[in-house]
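In structure tokens, the next block holds one chain alone, the form predicted on its own.
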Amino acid sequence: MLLKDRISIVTGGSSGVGRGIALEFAREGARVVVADKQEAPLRGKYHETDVTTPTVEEIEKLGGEAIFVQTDVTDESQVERLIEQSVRHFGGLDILVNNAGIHIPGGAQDISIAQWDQVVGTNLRAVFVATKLAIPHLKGSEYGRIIQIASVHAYGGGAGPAYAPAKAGVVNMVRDTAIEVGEFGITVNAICPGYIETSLQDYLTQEMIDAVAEKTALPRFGKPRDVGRAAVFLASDDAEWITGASLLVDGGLITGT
């Protein structure tokens, strides 16, 4: 097992990409803290239409160890409680995955300033807060890993005036944080997914989905497991000399845009 007994936190772990990461970590022997606003998984109209069981329950079916901690990542006190509870329950922290994120569709003239603040607050500010609070604990680990879930939209527009800039900020934060914590042996990397089959895609029309399919080089969309396996690699010893990097997991979508 690549992550045997390593202690991980996955934000946004009840559904979608976060759920996929949490499950793959568990398959590789990690002990997982699933953090989310709600324990029940979201169900989409296009994808994940039949997902019903909580992530922790699925991990336990695999024979793994996991706990759920209800967390709103935009609330600093809740993030602090999440990290403290994780360390107290499992005895330390080895891996932080900042996956929780939101998207509000619309252009600059459509979304409100409050909505812009909401997207940036969740997708960028909360990533910084969790990273800042986790670093003191990761310094005590032999296997310190920080994995930030960004997006292909970090490399271009088209996802609105808040989402794309926030994800670009995450990619840049990865580089800066990697420099800061490298002396402690902590690696910091980003994963930039393309179209992943999750409930996050509910805002799209079928015509929009078809257009993305035409631009994706490989003949299928991504699944949460695809991002999960990339996260396993970055969290494992195989990636111990990789830091400050951003890994595209997009089926070649960015090559067609």
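The first residue of the sequence shown is number 1, and the count goes up from there. What you are looking at is a predicted structure, and each value in this text was computed from that prediction instead of being measured.
The form predicted in complex with a small molecule exists for this protein as well; it is not shown, and the discussion that follows is about that form.
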Test of understanding: in the model of the complex, would residue 73 fall inside 4.5 Å of the small molecule by heavy atoms? yes
Might residue 193 be said to contact the small molecule in the model of the complex, defining contact as any heavy atom within 4.5 Å? yes
Heavy atoms within 4.5 Å of the small molecule in the model of the complex: does residue 189 have any? no
Is there a non-hydrogen atom of residue 56 within 4.5 angstroms of a non-hydrogen atom of the small molecule in the model of the complex? no
So, 42, 102 and 163: all three within 4.5 Å of the small molecule in the model of the complex by heavy atoms, or not? yes
With the small molecule left out here, work out from 56 to 64, 24 to 32, 228 to 236, 198 to 206 which stretch has heavy atoms within 4.5 Å of it in the model of the complex. 198 to 206
